[in-house]
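Only one chain is given next, in structure tokens, and it is the form predicted alone.
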């Protein structure tokens, strides 16, 4: 089986030397990726992507066969050393690849893009920077906060909070910043919030200085904590704030109608700021994710299993003597045709059999094959010679035939990376198959991840796979499950993550 090196050589058309582009991905909204960045991504042989920029790959079609390498960094999980990232860029370019290094925000604003450019130059590899919309300016703007304002703030300082004040490796002049009237925009500072607040207060910033913490800015899960400098650490803990977040300190942070210490939009949309992993067993977008988004959640769907024809089903024998067959969806229609072909037959074997559709999509799939169908309501409820395929409900005892089986899908590197870094607050399972598939693909889930199961069977599957179940609605269904997740979050008072 070819490895990454073989794949790179296969897609570079024999180029002796490749090139590296350091592309700023912007703050998170795919619409804020530059036109130049989008064009380069579409032509890249290799994409080396940061954790915060991964979601943009869904919005940009990559070159067929392009290699994607996830090099996300996190304060709470094992990360790629910068030296290893530098070496990867050089190695792939020297193999002849067009390499896009996709970085959140702007590559040269606290993004270590300068170090990557230097490493390429030292190796004789051409590297070009493609500026991006820096989160230091864009994220406050998306939260309605102007980082400068003629009346209250005519200067701004963009600061790294990666190292605590007083750390020997820090070059930040915290006493000087505290004594100034500049707006402070602090990146990578969530883990050091208490130390940063103490340093600014000790340096003379007033206790009532307005502060805004914008978490996951530019994404559907954006939420804003508004507080004051003296209450920052307490309010951030109460709100469950975690990275990525941009911290704004100064009078401009108060230019909003939101009360201090409040999280925006939580009452009207109770799942605002909550990121939910929705495991699916069909490739089509699901109703659960749609409902969760309506409640404010950032619902990320991933396919953990896919339907395939149940090859072991003796279809012709199963249909013998039946007068009707009820089909649930297009997947079952496709499986019916596939199983007929496997048995050496075709749709003529269905002659004399009434085909019934459980819904309009199944009816459309049958019509596309030239097969007439009747609505499910036209079938009599009594005869045992009605055969029901799959999960369609039927009010009387019937014969059932398995047209489909579930096959575990391939793991998604993006989902694996985000689970590893703790980027999800809730995992929602609408079926036992979804729960089993997720456990098989991604192993043990993070211990602080809330698990929601639609009903008893899915809850039992979660527990059998070693997952603690936190949320189960009183009755099964998409709306009850979404409502149960919202109720749990609201009752806990603290939004997860």
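Positions refer to the first chain, counted from 1. These numbers come from a predicted model, not from an experiment.
Missing here is the form predicted in complex with a small molecule; even so, the following discussion is about that form.
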Can residue 235 be called a contact residue for the small molecule in the predicted bound form at 4.5 Å between heavy atoms?
no
Residue contact check: residue 296 to the small molecule in the predicted bound form, 4.5 Å heavy atom
no
Residue-level contact is defined here as any heavy atom of the residue lying within 4.5 Å of the small molecule in the predicted bound form; does residue 106 satisfy this criterion?
yes
Quick one: does residue 318 come within 4.5 Å of the small molecule in the predicted bound form, counting heavy atoms only?
no
The small molecule: the contacting residue among 286, 307, 244, 270 in the predicted bound form [heavy atom, 4.5 Å]:
244
Contacting member of 227, 134, 183, 281, with respect to the small molecule in the predicted bound form [4.5 Å, heavy atom]:
134
Among 82-90, 365-373, 106-114, 340-348, which stretch has residues with heavy atoms no more than 4.5 Å from the small molecule in the predicted bound form?
106-114
